[in-house]
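Take a look at this single chain in structure tokens; it is the form predicted on its own.
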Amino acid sequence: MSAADPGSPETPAAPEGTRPSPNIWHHTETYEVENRAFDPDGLVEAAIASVLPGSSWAGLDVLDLGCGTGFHLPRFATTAGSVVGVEPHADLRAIAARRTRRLPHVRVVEGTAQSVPLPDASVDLVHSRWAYFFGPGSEPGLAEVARLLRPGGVHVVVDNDASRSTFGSWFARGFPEVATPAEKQAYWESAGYARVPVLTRWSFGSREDLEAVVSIELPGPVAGEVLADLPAGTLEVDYAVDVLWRRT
């Protein structure tokens, strides 16, 4: 795995109830590159919108749970009634606050998936993207989401699908210890969540950027193997995710 980005947060003690993220916590600048490269066609956003009332978050009170550097907060803020970003990592939270400082209906607060400092039944949409909700073991966070959502509110989870796509096969090689796609699917079905499969892509401006992102997303040996096999000049990688959702 590559060295931490200059200026990235030092390895912190994980706040209670969290686990350190191997990518954004330690390689913040490279994760920004990844965010910009992911889903250039807006397919994930379209899938999220499709399960919302009116196929839009316009006018809704939105919670981005595990917002990281707040990359998605300005996009929600374009039409949402209000937006709250919750993030346990202090340095990432500070970046998110700076990113949204000119948006009066957006605020960023400290919290975890299991403990959000908002009142009961106070939000219409909870968005969780690659944060905490990875299948079995998510029950405390799901209970907190249920507390926060108004009747008719929606929880949306975006997570990797390791059963398909080029990146999915890399992920399965790099993290054989995580729940299998079948185990995850069974878990989410038992929790009452529906699944919208999305096949999107990474699209990078340079090979250097692609290699940097692969190196923070996969364990070092696996990253080296997949990059060695990737043809020179490759700047795009097909990438499968699941958009999992449940309406209260």
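Just so you know, these numbers come straight off a predicted model, no measurement behind them. All residue numbers refer to positions in the sequence shown, first residue = 1. Superpose the two forms; the largest set of C-alphas matching within 1.5 Å is the rigid core.
There is also a form predicted in complex with a small molecule; it is not shown, and the following applies to it.
A single residue from the set Gly168, Gly153, Gly135, Pro88 has any heavy atom within 4.5 angstroms of the small molecule in the predicted bound form; that residue is Pro88. In terms of contact with the small molecule in the predicted bound form, the residue from Asn35, Thr180, Ser203, Ser56 that brings a heavy atom within 4.5 Å is Asn35. With the partner left out here, the small molecule still marks one of 113-121, 77-85, 142-150, 168-176 in the predicted bound form; by a 4.5 Å heavy atom cut-off that stretch is 113-121.
At a distance threshold of 4.5 angstroms between non-hydrogen atoms, Val157 is out of contact with the small molecule in the predicted bound form. Residue contact with the small molecule in the predicted bound form: Cys67 places a heavy atom within 4.5 Å of it. Taking non-hydrogen atoms only, Trp25 approaches the small molecule to within 4.5 angstroms in the predicted bound form. The small molecule is not shown here, and in the predicted bound form it never comes within 4.5 Å of any heavy atom of Val126. Once the rigid core is overlaid between this form and the one not shown, Trp170 does not reach a Cα shift of 2 Å, moving by less than that. When two forms of a protein are overlaid on their rigid core, residues whose CA moves 2 Å or more are considered shifted, and Phe71 is not one of them between this form and the one not shown. Relative to the superposed core, Trp130 undergoes a C-alpha shift smaller than 2 Å between this form and the one not shown. Between Ala113 and Phe134, the C-alpha separation shrinks by 3 Å or more in the predicted bound form, relative to the conformation displayed. With a change of no less than 3 Å, the CA-CA distance between Tyr132 and Ala162 is smaller in the predicted bound form than in the form shown.
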